[in-house]
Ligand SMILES: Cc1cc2nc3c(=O)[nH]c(=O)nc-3n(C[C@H](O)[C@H](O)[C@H](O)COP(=O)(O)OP(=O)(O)OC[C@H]3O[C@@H](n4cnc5c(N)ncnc54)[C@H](O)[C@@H]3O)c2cc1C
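Next comes just one chain, in structure tokens: the form predicted on its own.
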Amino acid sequence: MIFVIAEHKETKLKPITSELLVFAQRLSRDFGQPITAVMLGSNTAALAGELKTKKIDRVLTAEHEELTDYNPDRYVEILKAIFEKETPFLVLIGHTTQGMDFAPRLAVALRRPLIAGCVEYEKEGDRLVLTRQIFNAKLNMKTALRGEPPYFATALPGAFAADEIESGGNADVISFPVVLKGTARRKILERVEAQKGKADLSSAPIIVSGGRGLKEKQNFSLIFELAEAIGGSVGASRPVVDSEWLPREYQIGSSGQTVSPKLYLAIGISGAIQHLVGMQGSRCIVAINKDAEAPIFKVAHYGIVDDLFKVVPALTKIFKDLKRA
């Protein structure tokens, strides 16, 4: 059995949940393992109903009023009880702030291995080999799992395309009886949301991203105009943010957001490894740069070697004309 820990917030499933299900569906085909999605929380009927329509076998819900807000102590306690009863083959968790808060604790509690930040896998005979990136994605490290299951793995956001999820299922929804012991060590006193940009880049289908090649802050209007014309969101490289052309929430890369849109336009971005880490999982990458040797062209599916100050306005005009047509 492959278990997927569903991540949700404010009555909505987070994008990482769909990505984990894509990962699980691929594994299920290769290893012949059924899939169970685990939903922890309170009043999760609507979310469980959404999950059951995916091509999976079961949705296992664990409800309690103490799970209204995420609590790592309670997550570990409940999941440990579930996995001691169910004995899964593999447990998939998002490599997110929440996932990496409780996943190591859970793996230690069950004395099982955890492979963090997975981006791919291979099947070698009957053995599962997981791939994770190290040294800012300069190297891929393959890890073969040994010992008795369950095994635990976190998947890096953007590693598996959420739009590849298979739907059309009608999974059984089963309730797991929750019995909590004692008092949780951690309690949420207040929730303060960090300032966000105009769009959540982690789930944006189209991103138009600008870099140092724009030369000055005022020229970033070209990026916003193209993004509006194409119906996309705006992103930026670290030098742009460091120069205070845009706020930090626009930054894409190892120290910013990790994205995997259907279309990523990299404009005036040379392609430093820190930036590539955050966007190389995009389905289609189009790079515009006057330097033909820029590293960004090594990951781009399409490249335009030319002056961006000529190319971008021309593209914007084309898309605006298409909208009016």
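From 1 onward, residues are counted along the sequence shown. These numbers were taken from a predicted model, which means no experiment stands behind them.
Note that the form predicted in complex with the ligand isn't included here; everything after this is about it.
Stretch 237-245 is the contacting one of 139-147, 70-78, 237-245, 162-170, since its residues have non-hydrogen atoms within 4.5 Å of the ligand in the predicted bound form. Shown alone here, V259 lies farther than 4.5 Å from the ligand in the predicted bound form, counting heavy atoms only. Heavy atoms of R212 reach within 4.5 Å of the ligand in the predicted bound form, making it an interface residue.
With a 4.5 Å cutoff on heavy atoms, A294 counts as touching the ligand in the predicted bound form.
For the chain shown alone, A272 is a contact residue for the ligand in the predicted bound form, at least one non-hydrogen atom being within 4.5 angstroms. Every residue in the set N289, D306 and F309 has a non-hydrogen atom no more than 4.5 Å from the ligand in the predicted bound form. Of the listed positions (S255, T96, T131, N219), a single one reaches within 4.5 angstroms of the ligand by any non-hydrogen atom in the predicted bound form, namely S255. Looking at 92-127, no residue comes within 4.5 Å of the ligand in the predicted bound form, counting any heavy atom.
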